[in-house]
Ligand SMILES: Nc1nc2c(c(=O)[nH]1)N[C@H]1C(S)=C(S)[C@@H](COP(=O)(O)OP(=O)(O)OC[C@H]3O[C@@H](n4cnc5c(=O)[nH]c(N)nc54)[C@H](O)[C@@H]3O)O[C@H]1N2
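One chain follows as structure tokens, the form predicted on its own.
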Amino acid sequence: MKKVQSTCNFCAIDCNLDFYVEDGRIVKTVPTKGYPVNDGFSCIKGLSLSKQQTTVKPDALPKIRQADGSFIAGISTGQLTLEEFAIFGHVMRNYLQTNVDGNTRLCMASAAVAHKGTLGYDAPGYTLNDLELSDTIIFIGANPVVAHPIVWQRVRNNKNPDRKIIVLDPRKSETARNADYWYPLRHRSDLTLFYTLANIIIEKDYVDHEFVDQHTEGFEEFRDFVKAFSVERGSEVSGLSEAQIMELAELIHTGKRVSFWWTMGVNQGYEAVRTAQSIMNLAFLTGNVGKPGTGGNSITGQCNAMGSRLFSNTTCLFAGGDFTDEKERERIAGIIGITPDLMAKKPTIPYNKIIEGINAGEIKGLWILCTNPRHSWTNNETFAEATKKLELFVVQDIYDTIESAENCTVYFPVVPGIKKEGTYINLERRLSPMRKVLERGENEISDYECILGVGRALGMGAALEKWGTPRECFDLLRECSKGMPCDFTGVHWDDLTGSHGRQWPYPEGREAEFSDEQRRLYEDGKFYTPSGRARFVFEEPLGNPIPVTEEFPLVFNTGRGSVGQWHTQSRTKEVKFVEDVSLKRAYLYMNTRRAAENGIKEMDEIRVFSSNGQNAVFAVKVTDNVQYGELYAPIHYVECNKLTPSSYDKYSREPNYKGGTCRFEKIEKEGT
């Protein structure tokens, strides 16, 4: 029996698993003991990887080369490997000079933009071990009990007798139910609340002056700005009492190691970037940065969203360089085997502009990889409309049953992760290897080989000479990272196999200096800005672009439904023990009092009308864990994003998924 260690490619934790293989079949899957991320633990999704199968349906290779690269656009995902991101960006962005975005735009764009503005680079500084070292753990719009079980396991491993778990969330989520403190703030009031907390901390002189003076810039302007955010204003906007706000400020002040953790509840909003930066501002004010158990920390969604952000060639050059930096363009071009004039000239247009461009008749072709936007795109009927207008629609996936494949003109079947190899970067900057567990059958190819084949058919020739295999591509990306904050030139392909992974930075020649397996950034107080100081970034809160009205009086909130379900369920639907406990139809949660007022009982059906002009039917689960003015719908059903709005953060262009408004009508049963 052969044992192969590989990486789970569901969420951003990137757990490692040991696959035991005999006679071409996986007979046992065991979480890798001793791996720094999960150390012998895994959620049900990772343990189900051995269930993945795919049916190969070969298709002719399409001819997509056009005189004008704008003819076609691409959309990828945070679930591809580092190497697959890079070669897709090379073919599409460099050779075709066209636009490519990824569904990383749907989850982590706001955090990435916030990091760049505040830290100088997209470089979250924590290690997961900080969850075990913190005495005050604050989750903001995050529900790790369901969405990131390994994160929650780390919290449970924290044995500090003074440990406090604090949750800020409109909904009494599963995490809130296991917290010491829950602050049920009003929908989209978090930015005002955090400015209010900053003002209190400054007024009470709870500031770590040594850290602020030596390692930040913009404090004086920030101090003057937040003076307008009195506790009365914070209470009025957030719905929390003044006493609750003061209590939270004291909890932050009295904590010796305070860590702030945010995810989609922050990122998927209309002023998400500023909200994320306001969280980091609190960490700076109190000196909770770069020390064990501290930080203003973003929790990433997908398994390789970090890799997508740095190596997809969409919003930055490979490894995070600027498209306008001619010296960097020359350096990268020389490494990857092209002349600088063939490099992408500027950041791609964002996801929403691609869809809008199709509907406007400006983009005629689309190639999507490992993603299901007919289901996951906000206001998803706009994507359904777009697919009918395309002259060429290529879908590359392991399943031809996804909603997005229904109208495709070409389907590229590819193998799942257990049959391919590559590299992932997890939420704490750890490079993890995916290694082939099972051999492929006849005609089975990987995403990498599929993209490479298209590039060759397009006539790229010498521009692909250095890109023959994922291993060769990894070596190119290693060299691209040289001298950048993400420098991993000391990491080699074979070194990753069977390893504990490596956090970047890990520069060649300095391996001993970076040998610790659990490393955080900013311990020296140095950041990636030109001044080497972290920036206080702030802005007056915006008015809600989609306020509740008399016609649409309820907030339509969305999020994860259960531990076993994943995104659009294209992967988890085939796992019987997940399907057995998951509802087969769309459902939502409604407050108990509102349900009683409308004569609605458990699992009655309602029709929900969104302010985006769409409507859909949901079964109702009645609960006190949802506020009276909100409905909460799990994202795993296509009906959910039928109702979400075409509204975006102005800096990140991430969709405002949790900002919809709606009304509903009860569907009366026949005979009643």
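Each residue number is its position in the shown sequence, starting from 1. Given the structure is predicted, the values throughout are model-derived calculations rather than measurements.
One more form of this protein should be noted, the form predicted in complex with the ligand, which is absent from this view; the next part is about it.
Interface residue among R429, R93, H215, R560, judged by heavy atoms within 4.5 Å of the ligand in the predicted bound form: R560.
This chain appears without its partner; in the predicted bound form, the one residue of P470, G293, G255, P416 with a heavy atom within 4.5 Å of the ligand is P416. Stretch 146 to 154 is the answer when you ask which of 146 to 154, 546 to 554, 223 to 231, 243 to 251 has residues with heavy atoms within 4.5 Å of the ligand in the predicted bound form. Heavy atoms of G307 never reach within 4.5 Å of the ligand in the predicted bound form, leaving it off the interface. When the ligand is considered in the predicted bound form, D447 lines it closely, a heavy atom lying within 4.5 Å. Within 4.5 Å of some heavy atom of the ligand in the predicted bound form lies at least one heavy atom of D190. Contact between I165 and the ligand in the predicted bound form is not found at the 4.5 Å heavy atom cutoff. The candidate spot formed by L128, K436 and G501 lies out of contact with the ligand in the predicted bound form, as no residue has a heavy atom within 4.5 Å of it. Taking the ligand as positioned in the predicted bound form, the residues of 96 to 118 that bring a heavy atom within 4.5 Å of it are, in sequence order, N103, L106, C107.
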